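What follows is one chain in structure tokens, specifically the form predicted on its own.
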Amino acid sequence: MIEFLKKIFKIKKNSYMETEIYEQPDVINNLIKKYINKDGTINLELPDNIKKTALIASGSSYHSASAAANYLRDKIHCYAQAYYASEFSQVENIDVDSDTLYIFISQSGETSDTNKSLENVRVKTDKTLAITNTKNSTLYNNAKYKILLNAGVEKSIASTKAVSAQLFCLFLVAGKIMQQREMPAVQLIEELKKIPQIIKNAFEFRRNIQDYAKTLANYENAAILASGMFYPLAKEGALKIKETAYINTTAYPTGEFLHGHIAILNKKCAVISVVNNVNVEFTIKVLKKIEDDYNSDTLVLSAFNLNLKKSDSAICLNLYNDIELLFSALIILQLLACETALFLGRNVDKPSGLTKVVK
């Protein structure tokens, strides 16, 4: 029906970015079928006795890594640290720990600094895992353990479906570690199975997103606030808005924003806040301070209704599970970036001066 109406009214063809955003439920469904067995076990090959994890990646892949590292530390008590591949690859005589699983993440599998990082590690340990969208890529072939995203080709410069697929696979890794440790992983598995529907539900906020995109398009600067594993999500949202709409967007931990950074609101600056179920009262205080002291247009993505005084934009997701909220907010920020860029007349698929960094 949508395609039929487009032909009648000669509506412009969807961008690749928009198409790829809407492919994400199917991408995650395929990963569920491939990696989660009917008995709830996770069909991944990993080394035994993983005590620590190091996650190495660049760009959007780093944001997925950072969110997953936060989850591994807080929920599974598995020490985890995310590293920028461009920094990790420059360390001479890097210390490699035999108790650590080194996870390398790249959509293309050809990201130069990620592959260099793998080269530096693999001469000292075979506990290397590649998460990539490209079979027989350099990263895929050089790591001992492998996970394929099977997300299909990403034609848009701004990565969307590969990001959600990476994040999903990293939660599968977390679940596999739990099962190896004989920890109860049933709840996590059930949460992951719901993600395709959670993403579809997020699409229903398209009109709200379009409304705020028109507001955001009037700004040259924006700040995204979040806490915990939602801070890497804020960084991903900021990257998407910068890549596509060319708006100078910076992510901040919600509490850290008060330590001087809030002064940026003295100039025209939009604010986006992602509110989960932790430190809610403190987050509300920060938002109220922004309301009372600054004249910023604020979009709040919240797990529940915060009942803020002013008529700022708010999307209440009615989600009390952090993983579900993470994926839902990810999709909304992707759509917000796309809608804002389109409203500004940007080419969302080929942003000016940007290419995939794979050489």
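The numbering used is simple: start at 1 and walk along the sequence shown. Remember, predicted model here, so these are calculated numbers, not experimental data.
Just so it is clear, the following notes concern the form predicted in complex with a small molecule, a form of the same protein that is not shown.
Shown here without its partner, the chain carries Ser164, Ile199 and Lys235, none of which come within 4.5 Å of the small molecule in the predicted complex through any heavy atom. Taking Asn276, Thr249, Ser117, Ser159 one by one, only a single residue has any non-hydrogen atom within 4.5 Å of the small molecule in the predicted complex, and it is Ser159. Leu239 is the sole member of Cys269, Leu239, Leu188, Ile177 with a non-hydrogen atom within 4.5 Å of the small molecule in the predicted complex. Under a 4.5 angstroms non-hydrogen atom cutoff, the small molecule in the predicted complex has Ser60 among its neighbouring residues. In the predicted complex, at least one heavy atom of Ser108 sits within 4.5 Å of the small molecule. Stretch-level contact analysis of 76-84, 191-199, 222-230, 108-116 against the small molecule in the predicted complex, using heavy atoms and a 4.5 Å limit, identifies 108-116.
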